[in-house]
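Shown next are two forms of a single protein chain, provided one at a time as structure tokens under the names structure 1 and structure 2.
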Structure 1
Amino acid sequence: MMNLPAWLRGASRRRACAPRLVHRPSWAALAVALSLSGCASWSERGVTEPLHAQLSPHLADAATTLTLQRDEDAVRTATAQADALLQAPLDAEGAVRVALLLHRGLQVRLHALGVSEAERVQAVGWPNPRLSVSRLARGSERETEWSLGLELGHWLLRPWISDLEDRRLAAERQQVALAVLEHLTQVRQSYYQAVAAEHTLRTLTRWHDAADTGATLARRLEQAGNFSPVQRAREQVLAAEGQRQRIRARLAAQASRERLARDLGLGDRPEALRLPEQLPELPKQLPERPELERQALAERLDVAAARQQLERRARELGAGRLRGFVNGLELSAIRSTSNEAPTQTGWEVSFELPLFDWGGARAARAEVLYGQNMHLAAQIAQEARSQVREAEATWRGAWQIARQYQDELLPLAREVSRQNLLRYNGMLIGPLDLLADARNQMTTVTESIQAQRDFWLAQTVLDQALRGPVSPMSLNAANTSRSADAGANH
């Protein structure tokens, strides 16, 4: 057996009302478990509260927004809350809350967790005693046998079962929490995509109008006899290019808006969605975050799940053999009455004889499973550390690029435009050159929007990398209309 790394040995979070079992159940613990039978009933809070506890390190107080909406009233209440948030243009955190309130997929997940909780309650609850009545006739003899049977094995194993059920549910809850967080990351990403796409659309609409203005001027110049058809046609080509870009931008904006509506749970009424005109401001500085890898190992749900799975396997190593004996243990009280004989009373115990299967194979399986889980946990931890490093690097790089646009390229584009207007004033360049320059400036604005968007996307990826597995994000070079004006003379 390999030594476990420190991060794998940490204690897992336990439900408050779970039996306080330490690693090996004792008779004292068993007694406690018996006395705590009150826990074993299903409640809405029993489903949501542990989930909120799991989510709140990542979502803060927004976590409690996610409730189990069990009827139309609950849906209406949540819709009303969401509508209040939708009154003003949505910010990213508002989008998260709206999704938690409205998204039906999250409710599906939550209800599935409710089902699991119900199964757990059932599993750890007292099994009903079995009453069997038999009536036998032999000649004139009539014999009635009453038997009240109790599955003693289950009764004895209840602390183990409860513990394992808790762990199974905790694992499932972790899966649900991860799915919720992944969805909310998707919500944030869709949000930034949609805001950026609408801003880009407005910019490219202006780009098109600038090109179309140039084409109009070129046509007038041709009508006046000042321009040749080829000069006019060149400007018209730019206008057509602008139109194509605009259509593409409109499609992109529509698609990203629909995507956001779907992710929010507004697929039935996307018109309720109101977005701000621009992405949030870039931070002036990025903090140093030397603790990120440690944080990822401490907080990532996949890492925690792997660790808990490993602990569960460790527990099964001990539990398996005993369970083999006890599992089929059944105790029955028997009362048999006969009209021709005195009433018989007695008891019956039945269990499996460990003649052939002493549980050796079972133990081996548990050990191999343990080993498998140990490697899996180590693999997940490695992935997590690498992902968070990559996500942080992308996040910083995206910030540098976006800041360069804001601090350097946009001011430069504005300066070029200012100078070009002065040059136009001196009739050193013409109005078509000015329009070409305006288009160039807008292209820079478009690239800047994309860079800003990429930063916020990278932020969501980094956040998600501290919660669970992420796929890497690549910062692709902006592919916009820079080429359109490359041949123009300005």
Structure 2
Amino acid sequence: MMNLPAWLRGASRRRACAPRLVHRPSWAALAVALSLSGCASWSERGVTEPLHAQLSPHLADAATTLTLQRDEDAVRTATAQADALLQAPLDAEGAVRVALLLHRGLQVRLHALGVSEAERVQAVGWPNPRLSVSRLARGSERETEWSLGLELGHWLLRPWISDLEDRRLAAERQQVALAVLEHLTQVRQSYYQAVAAEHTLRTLTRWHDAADTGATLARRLEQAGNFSPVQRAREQVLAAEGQRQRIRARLAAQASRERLARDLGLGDRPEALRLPEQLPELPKQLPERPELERQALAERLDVAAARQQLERRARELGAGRLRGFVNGLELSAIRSTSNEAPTQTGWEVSFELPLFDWGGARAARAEVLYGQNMHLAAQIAQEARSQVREAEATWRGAWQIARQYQDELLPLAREVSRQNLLRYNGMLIGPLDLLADARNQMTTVTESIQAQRDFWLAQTVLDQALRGPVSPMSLNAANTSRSADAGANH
């Protein structure tokens, strides 16, 4: 075996171990390293403020309501703020604020983003140096080595690593923002459904009362000999039908309220929820919005996320080729002292020889991932434009139907009732005819409430289509609701 110098033997024994820089301990170098590592640190503001910046164009100042609740005190503070909002009947934006304050699922998302931020800080921080001390003896010779090792490859790749970590965190932040906006869309839909369901319940209760009064009057008229059994039975059937619809409406109202309470984070105390008696008024006119598709491509978070992911893959492709040469690069300064020989100093450079792995598989993987993300970005853009077109058509159609009820059918129903009341006063029709007319008017009112609700549901779907992806269930929410209502009324 070739005899190696003592200082090189010590270094050779450790070459297979962790990379290191061997020299006398330098506290100044340690201080510099620690100060550099302190440049990147985790903070709550680093988690929430970039997310607020992404949510603000869609939620305005309500975005700052979403904070990282890290302890019970923060939870109690948020609960107190939500309780203040719940003192009055909620509007849709108030419901959004309550959900941002109370919903634990949003906190789960936000804490996961905090974990990703911590991982980014860990990845872009300077690697800790390794300090080791060894003492070797050979006969009367005593050799002492101090080793302080640093990973040179990480230092050289740090700009690329930092850039990739920033892009990874930005992509995850956009996913969290998308999840928040999707949940708030669900909150708005549940809100409009709950308000409409309770309004419908009150209307159908009045209808049932009118039908019940008609049945009672029919029984008395039959006993007086002024009504046939068939006429009395017809009125009783109508009363039973009114009772059935009222029961269905009560169940629908209860289910809608519970669903809204869950979406708000009030699942354990739904009694705290207070709703207005009616839905918001319909707009008089709808604005022309010819730039909706372009606006969606510019503002949708999923389109932006796909674009950023594609840029990230492109950078990974370039960085991966460089990393193949830099990984494993070590630079060592060596100092060895002995009681029988002069102190020896020197340096050592080591790197991997690409004999078996030239990085071809890694480069191929990066290229395939880049192509995959390129097609994914194109698919997302196509779906975004299609969803916006469909959502706008549903929105305009729902508005036309709702306006028809407001402007034509309801005034006509009121005019028919007024004329029937005049005929009743002139003894041209009986009380049962008047009650039948009241029932017909209640039907028109109920359908008008449903049409008004469908417009606001379509409005939430269009807003969501401009922010991010829309689920097929949400996209067809208005039609689904009309179908369900039609099934319930027959």
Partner chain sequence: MVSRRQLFHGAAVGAAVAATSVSRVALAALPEPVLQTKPDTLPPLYPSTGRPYQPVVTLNGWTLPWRMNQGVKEFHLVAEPVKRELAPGMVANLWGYNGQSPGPTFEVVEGDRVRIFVTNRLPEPHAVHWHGQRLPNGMDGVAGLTQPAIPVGKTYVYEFTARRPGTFMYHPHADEMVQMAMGLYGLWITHPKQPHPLISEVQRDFCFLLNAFDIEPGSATPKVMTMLDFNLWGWNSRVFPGIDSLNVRLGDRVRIRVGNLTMTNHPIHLHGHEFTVTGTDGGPVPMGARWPEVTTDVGVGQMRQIEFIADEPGDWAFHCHKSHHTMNAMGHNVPTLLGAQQEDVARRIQQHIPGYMLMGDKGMHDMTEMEMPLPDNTLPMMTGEGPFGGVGMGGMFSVLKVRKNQPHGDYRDPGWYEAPAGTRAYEWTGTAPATPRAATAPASATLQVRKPAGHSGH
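What you see is a predicted model, and the numbers here were worked out from it, not measured in a lab. Please note that residue numbering is based on structure 1, beginning with 1 at the start of its sequence. Heads up, when I say rigid core I mean the largest set of C-alphas that superpose within 1.5 Å between the two forms.
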Mapping for form predicted alone resolves to structure 2
Practice problem: Determine whether the C-alpha of Q243 shifts by 2 Å or more between structures 1 and 2 once the rigid core is superposed. | Solution: no
Worksheet item: Against the rigid core, is the Cα displacement of S147 between structures 1 and 2 at least 2 Å?
Response: yes
- Message: Does Q419 shift between structures 1 and 2 by 2 angstroms or more at the C-alpha, the core having been superposed?
- Response: no
Using a rigid core superposition, the C-alpha offset of V133 between structures 1 and 2 in Å is 4.0
